[in-house]
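The chain below stands alone and is given as structure tokens, in the form predicted alone.
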């Protein structure tokens, strides 16, 4: 939710959870027995009749891949539901299903039939909700209910301007994910990308599910390679708006958009290191295309590569210790890794004609990149940081490029021409569940925000 939404929307917590501490969720009080089944389901254990006073879901229970949930259609109890192009319940169901953490079974209402269907699918609880629309305002109530006892395990209420309703639905999805898995959800994350509009290349931002598109640039020029910095509050991108390609910095909260810093030559492909608040990028400031890094926002450029070949497309490891990039020093563009000071350089790929746009997973375990196959198609692969266990994620003809990881490392966003014009797609980290999320044509170079 952006700052204006946070400032105008009021949220009231009616959760049964008594406290949140980092990666754990504590369910206590009179609702402990209703919640115990869920906790033991996540832990993969049989529930005991002599339940303890508190049931704790900690990071030790992360082995549970998914949790079955029932889901009831959300009811509009006041106002015209048809005045919205979506239902908040549909938004939440999409979030939970796409996350891969939940198996959702839907029903119009809770009765003996739907109860049997939910339980037959392994669900121990279900989600229900209702909302009102009055003038320009909304209220939204969401609950997680124990199937057998009908006790409320989690309850949230939101209110605000109607334009903020979709973000409130995303917020509940994230809070439910955190409540049951002890990890942040990605439903409030956003995606920045390049859109070719009227012959120009402009920067746009959308919600992670493709909704709520906002145009960031309207300078009728060429704007490329956007990168999120400081979470999802700022963007750095290359623009020809002033003639010479330079980095621009867009503050999404204040609206300020200006040249970030100037240098000779062309600055491209910025990458953000949130651990040390610095960027890495490619530049021709010294003649050849080399890799540089600088502290954000006012540091000095430090050159990292000196081989004389083309070095480009850098991406930080999540701990800020290493950088993956593309170099043609061996004659063809290959994937390389080096330490943050430019030392200890080594190749991850050795065979093939072309590799590009590497992106290091927030989990640190995989690096995604683009490769050209035997049919001259561009497809996306991942590899471990030691160069082992390569995996091909896309097999479609044409171009599948520009992979970027979700903040939890469970998904990738990328560009594909499989439908003709370049569009934005998403998929699981193993290549399954590929979904198209843009439909206007001419969309590419996506980057997924932090939480």
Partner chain sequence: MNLKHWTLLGLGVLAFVGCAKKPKPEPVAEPQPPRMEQPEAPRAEPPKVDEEALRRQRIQARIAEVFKPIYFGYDQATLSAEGQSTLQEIGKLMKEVPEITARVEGHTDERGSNDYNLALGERRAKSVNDYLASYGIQGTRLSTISYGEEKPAMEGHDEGSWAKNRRVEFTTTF
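Residue numbers count along the first chain shown, from 1. Quick caveat, the model's predicted, so the values are computed rather than measured.
Keep in mind that the form predicted in complex with the partner chain is not shown, yet the notes after this line are about it.
In summary, the region of this chain contacting the partner chain in the predicted complex, judged by heavy atoms within 4.5 Å and restricted to 203-211, 169-177, 339-347, 260-268, corresponds to 260-268. 244 is the sole member of 149, 132, 219, 244 with a non-hydrogen atom lying within 4.5 angstroms of the partner chain in the predicted complex. For the options 233, 309, 137, 302, the one in contact with the partner chain in the predicted complex, meaning a heavy atom within 4.5 Å, is 309. With a 4.5 Å cutoff on heavy atoms, residue 76 does not count as touching the partner chain in the predicted complex; it lies far away.
Using a 4.5 Å cutoff between non-hydrogen atoms, residue 157 does not count as a contact of the partner chain in the predicted complex. The partner chain in the predicted complex comes within 4.5 Å of no heavy atom belonging to residue 252. The partner chain in the predicted complex comes within 4.5 Å of a heavy atom belonging to residue 356. Of the residues in 222-237, those that come within 4.5 Å of the partner chain in the predicted complex through at least one heavy atom are, in sequence order, 222, 224, 225.
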